[in-house]
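So this first bit is one chain, no partners, the form predicted on its own, shown in structure tokens.
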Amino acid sequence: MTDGVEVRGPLGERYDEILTPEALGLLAALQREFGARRKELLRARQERQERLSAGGTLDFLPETAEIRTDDSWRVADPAPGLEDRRVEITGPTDRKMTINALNSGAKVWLADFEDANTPLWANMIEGQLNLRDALDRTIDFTDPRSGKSYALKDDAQLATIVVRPRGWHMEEKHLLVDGEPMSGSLFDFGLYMFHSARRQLAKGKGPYFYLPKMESHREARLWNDAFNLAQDILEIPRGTIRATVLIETIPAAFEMEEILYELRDHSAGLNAGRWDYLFSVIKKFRDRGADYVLPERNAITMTAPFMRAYTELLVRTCHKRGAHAIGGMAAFIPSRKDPEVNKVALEKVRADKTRESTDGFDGSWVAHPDLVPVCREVFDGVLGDKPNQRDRLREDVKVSAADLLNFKATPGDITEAGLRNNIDVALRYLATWLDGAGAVAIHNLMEDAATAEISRSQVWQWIRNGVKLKEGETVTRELVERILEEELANIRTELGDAYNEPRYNEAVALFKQVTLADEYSEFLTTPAYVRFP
């Protein structure tokens, strides 16, 4: 179809509408131009990790001080559909979620090809079809179990689509360019640009993106160059694309201004990706001993000093440069069956969004349509008729490198219950992920790849550092293996006939691979992806 491009994934119904020769030509151009730079930047990540593991630290970059001290530059003004972002909903791009998210009443839908998605070939291609069908208003869905039908509301009521492609570390093994797997990031980005950019422009908006997992401003520069090349090839004016960067790695927290600067003509702001941020803290300092071991995951709140420093610096940085600051996702989800669970979830979400809105954030995330009203109500109370509070500069915020690295001041314990919860959640999530779903409700919390990464990384770190539980027992491989068997038995009993033994056996094998091995796996999803055909 296209010279040097080989499609290895099966061609399902309507896949030819997405994998056209012209679309593959754009993908090939992006991969050939930026594939080598991407690998170079991934090597730079590894080199920084080696320095940290050897005793190094993180700090604001002296070589980019001029960018931080130059008060003259600003990012581009908000693009149409992104002026008011007081409530954003996240979720994968399956057909039902696409309709529900667009109809939810949220201002923005983060259409997720990353942490809330499993990168099955079918999910990646059909997700692109669903987005295109939604823009063409040809999308509908009937639930085969309930018979309930879903359709879109009027265009004026629909959320603005913002697509999150996969991170730079992921590849798309089903598409080879010149014999090598393509970057998953460029694959997702390129297909959406080719098929949906002009459709969005025809609706008075544009192609907008959320950029995940970045660790440096050089990675942001790579995205900016990819934006320019795609716009030039498609004959779309430069600056049409807008991107919000998730600050969800601790190295990126030290380069927020530089990241905005690199993307300034395409920037739509920054987001506090809190769960991946915790994962990054654990990952980056995993070898550094007891001083860098955090409490169990459910004990770490957004009021921990190092988390407060991170979020306040993000608001200050964004508003200083005229950009939106978007808050993170509260993991609590409502229940339509249990009024008490629902009450607790709503109270916790309200408290979380109240903190963010009063801190100066311009909007925040939810993961369930039933949480849109409470988030909107909280931000309405602060914003009123204003679309955002970018004029609130937060000049009172002063954050040092030491503040961002102040992990010792985080209160909380490490208990047997916390260890069991990490193992239980990781097992349940992995079984679901391997079955094709990237986001799942577990114990009234929304779990995605980021929260599963925290769970398995804490277990690895606790074994590595010989952490002693509050009850007195030391975390060892043997203890983890014993609890693993016990938690698996509990899951088997709870699920009964619904228990999928082959799938859970695979989840156990993967869990052991990423928690019990001497070498730490940088991402859980990388060895998991290998298990897909």
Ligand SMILES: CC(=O)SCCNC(=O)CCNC(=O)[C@H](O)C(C)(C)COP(=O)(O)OP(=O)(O)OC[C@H]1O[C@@H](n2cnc3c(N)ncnc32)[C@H](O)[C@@H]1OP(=O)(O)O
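Just count from 1 along the sequence shown to find any residue number. Bear in mind that the values here come from a model prediction, so they are computed numbers and not experimental data.
There is also a form predicted together with the ligand; it is not shown, and the following applies to it.
Stretch-level contact analysis of 386-394, 178-186, 295-303, 84-92 against the ligand in the predicted bound form, using heavy atoms and a 4.5 Å limit, identifies 84-92. Taking the partner from elsewhere, every residue among R336, H368 and D448 has a non-hydrogen atom within 4.5 angstroms of the ligand in the predicted bound form. This chain is displayed alone, yet in the predicted bound form one of L427, C375, M97, I125 has a heavy atom within 4.5 Å of the ligand; that residue is M97. This chain is displayed alone, yet in the predicted bound form one of E215, D115, D352, E171 has a heavy atom within 4.5 Å of the ligand; that residue is D115.
In the predicted bound form, the ligand sits within 4.5 Å of a heavy atom belonging to K148. Using a 4.5 angstroms limit between non-hydrogen atoms, A101 touches the ligand in the predicted bound form. Contact annotation: W223 falls outside 4.5 Å of the ligand in the predicted bound form, judged by heavy atom distances. A residue is said to contact a partner when one of its heavy atoms sits within 4.5 Å of a partner heavy atom; A439 meets this definition for the ligand in the predicted bound form.
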